[in-house]
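Consider the single chain below, provided in structure tokens and representing the form predicted alone.
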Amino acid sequence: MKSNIQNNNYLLEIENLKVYFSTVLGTAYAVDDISFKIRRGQAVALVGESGCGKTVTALSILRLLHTPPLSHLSGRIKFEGRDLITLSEEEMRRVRGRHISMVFQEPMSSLNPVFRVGDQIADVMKMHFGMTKEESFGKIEKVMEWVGITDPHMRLRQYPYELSGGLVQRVMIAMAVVCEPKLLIADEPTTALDVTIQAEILKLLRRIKHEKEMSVLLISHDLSVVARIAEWVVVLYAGKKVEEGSSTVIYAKPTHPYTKALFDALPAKSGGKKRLNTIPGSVPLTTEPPKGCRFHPRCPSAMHICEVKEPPWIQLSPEQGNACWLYAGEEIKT
């Protein structure tokens, strides 16, 4: 009985997820055998540069990747014990928006420009609760007001182009939480916003998490954004998980060279220089991942074994683990 209670504490469990695409250049190994878990009410962040597999992971959870170009999807995505990969499309429709919602990276392109925003949110209510537009507008107004939209009665009757970027993002968040899902996925929710609005959106996401007891999966390349929300951090590089742990531990002492490089690139770490610290090189093409550790061509600590053999996952403590030969001890000599 004790083990069942412990297992039920996880809302989402991703195990050995692999997502490959067919391209003109060959097979793209966008997500290659990653695993992580999200507890109920916990905020987890996926961190890494563009092209590391963050958004593909999120879209895999909602089964929003289509064939073609998707050529391979395997592993397990367990949500409340059910493997989402095995569900039919009809069953997934009942999950999307109702139990798992997503705020997409580009809010202005996520809403239909020819329909009023209230009608678009009402469609979600109709799909999951069978409510008419008139029945749903009362709740929609309350949710819009709760997410900080002034004069919601007027706003829900406006078109997306009549709203500012910050208001459109709040509309997207209102649409995502109106059905009170258990997991909210936020894909770079502040990228297209100015600094002041960014702070307001982050404050809103924290409020949603605490007041609605909602789990949050935050996708971001910005460690300063992640620090404001996430309790657990998963660092991805070229489709692989390279480090994972509590945000407290990782921010205090990152171990993987890639994680360290991300921190060193922050403005606060650049010592007031006009030019910020950068990571040399770029993320490799997923169609041609390097042999061994995928970060080794850019790593200042790379050894010969890094070039020929993929590092194992090493659990350094209950709060932190990585995939780096620097921490493999005697395995380096084999």
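Just so we're clear, the structure is a prediction, and the values are computed from it rather than from any experiment. All residue numbers refer to positions in the sequence shown, first residue = 1.
Beyond what is shown, the protein has a form predicted in complex with a small molecule; the following relates to that form.
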Glu80, Asp119, Asp264, Glu188 - the one with a heavy atom within 4.5 Å of the small molecule in the model of the complex: Glu188
Proximity to the small molecule in the model of the complex, single hit among Ile34, Val56, Ile38, Ala45 (heavy atom within 4.5 Å): Val56
Pro69: touches the small molecule in the model of the complex, heavy atom cutoff 4.5 angstroms: yes
Interface membership of Ser50, the small molecule in the model of the complex, 4.5 Å heavy atom rule: yes
In the model of the complex, Gln158 touching the small molecule (heavy atom, 4.5 Å): no
In the model of the complex, Ser110 touching the small molecule (heavy atom, 4.5 Å): no
Non-hydrogen atom within 4.5 angstroms of the small molecule in the model of the complex for each of Ala30, Gln105 and Thr286: yes
